[in-house]
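Next up: just one chain, as structure tokens, the form predicted alone.
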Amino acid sequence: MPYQEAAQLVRAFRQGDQQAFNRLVALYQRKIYNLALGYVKQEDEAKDLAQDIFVTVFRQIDKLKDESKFGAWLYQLAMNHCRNRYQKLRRRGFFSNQSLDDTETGLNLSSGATPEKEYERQNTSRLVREAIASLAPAEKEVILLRDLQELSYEEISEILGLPMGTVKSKLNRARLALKNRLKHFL
């Protein structure tokens, strides 16, 4: 992420430039949506969650002390929202009642792919998502931030408030746990 650009946009928004906030959202919306999707596993729910996150950013951006730390602040806020929404949905039984007409169960053939190959790809993707979802929350978070969000160790350290060595060891343990869950299927 272009952190200087984000800091400039935060400054501009604080000075009354409403378009600056729209540009901030555009800069981060895909990453925040993907993070939300990693937690809630359903596109519509992830879109709602991402929107809620940006509404909170809009309302609380004055609490951000250092504009250059916007990315870390945003991810901390997003992680808290994701954890809370996940717990709320889990209590309601949301994850045990996934619809059979879920878009992930349908076949969307990419050019040149056979139905068998596409089914295999989707099945593998589903197994990996389920395995990630079954990890302990701390393990899931470092996997989502590093391997899916592609954040640096430094960024993850700042977001989670952990020393970099701890982040690396947690990531190693999380990857081993994920590997153990997947070895029977892949």
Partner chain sequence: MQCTEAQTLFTDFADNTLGREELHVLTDHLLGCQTCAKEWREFQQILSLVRNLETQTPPADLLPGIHAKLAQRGIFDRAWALVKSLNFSLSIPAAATIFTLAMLAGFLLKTSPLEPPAALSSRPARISAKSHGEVLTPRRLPIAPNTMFAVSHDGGSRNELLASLAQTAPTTRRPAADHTPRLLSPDIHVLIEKIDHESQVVLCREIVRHNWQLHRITANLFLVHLPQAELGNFHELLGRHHYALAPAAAAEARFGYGKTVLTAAIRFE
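What you are looking at is a predicted structure, and each value in this text was computed from that prediction instead of being measured. Positions refer to the first chain, counted from 1.
Unshown form predicted together with the partner chain; subsequent notes refer to it.
Q: Could you tell me which one of Ser134, Asn34, Ser152, Ser68 places a heavy atom within 4.5 Å of the partner chain in the model of the complex?
A: Contact with the partner chain in the model of the complex is made by Asn34 alone.
Q: Going by a heavy atom distance of 4.5 Å, is Arg146 a contact of the partner chain in the model of the complex?
A: Answer yes; at least one heavy atom of Arg146 falls within 4.5 Å of the partner chain in the model of the complex.
Q: Would Asn172 sit within 4.5 Å of the partner chain in the model of the complex, counting heavy atoms only?
A: Asn172: contacts the partner chain in the model of the complex.
Q: Just checking whether Val55 would be counted as a contact of the partner chain in the model of the complex - the rule being heavy atoms within 4.5 angstroms.
A: Val55: yes, in contact with the partner chain in the model of the complex.
Q: Val128 versus the partner chain, in the model of the complex: is there a non-hydrogen atom within 4.5 Å?
A: Contact with the partner chain, yes.
Q: Within 4.5 Å of the partner chain in the model of the complex, do we find a heavy atom from each of Ala7, Arg92 and Glu158?
A: Not a single residue of the candidate spot has a heavy atom within 4.5 Å of the partner chain in the model of the complex.
Q: Within 4.5 Å of the partner chain in the model of the complex, counting any non-hydrogen atom, which residues from 23-51 show up?
A: Those in contact are Val25, Gln29, Arg30, Tyr33, Asn34, Leu37, Glu43, Lys47, Asp48, Ala50, Gln51.
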